[in-house]
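Next up: just one chain, as structure tokens, the form predicted on its own.
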Amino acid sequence: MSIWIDIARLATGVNLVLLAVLLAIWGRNYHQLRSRQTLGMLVFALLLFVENGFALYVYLLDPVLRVWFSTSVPDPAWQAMVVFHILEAFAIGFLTWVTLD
């Protein structure tokens, strides 16, 4: 098994935690303000949460794809996917920091 899938799982899990924080804050703000901008941020975070949740499901639980990702995907492909997951984690982390500040 490649270490790359473990890094992808970790980055995806971090993304889910950060997005849950953003969903809570933006959900509360939308409930109070009812503005379109807040609704847009809420929908954006919700869609990213679903995307990352599906990715984590595929990496951890799907009986076919979990095995395929663990054994058959070459390292260069994993390296590219991990870069995307880590860049996404930094982007969501920065957005979370700005939102909490």
Partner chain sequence: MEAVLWYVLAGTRGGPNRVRILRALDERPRNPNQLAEELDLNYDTIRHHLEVMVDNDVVRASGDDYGAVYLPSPPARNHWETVETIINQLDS
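Numbering follows the first chain given and starts at 1. Just so we're clear, the structure is a prediction, and the values are computed from it rather than from any experiment.
Absent from the display: the form predicted together with its partner chain. The rest refers to it.
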Classify Thr71 as contacting or not contacting its partner chain in the predicted bound form by the rule of any non-hydrogen atom within 4.5 angstroms, answering yes or no. no
Please check if Leu95 has a heavy atom lying within 4.5 Å of any heavy atom of its partner chain in the predicted bound form. yes
Would you check, heavy atoms only and a 4.5 Å threshold, whether Met41 touches its partner chain in the predicted bound form? yes
Would you check, heavy atoms only and a 4.5 Å threshold, whether Ile86 touches its partner chain in the predicted bound form? no
Leu47, Leu33, Leu60, Val67 - the one with a heavy atom within 4.5 Å of its partner chain in the predicted bound form: Leu33
Using a 4.5 Å cut-off on heavy atoms, which residues of 11 to 34 contact its partner chain in the predicted bound form? Ile25, Trp26, Arg28, Asn29, Gln32, Leu33, Arg34
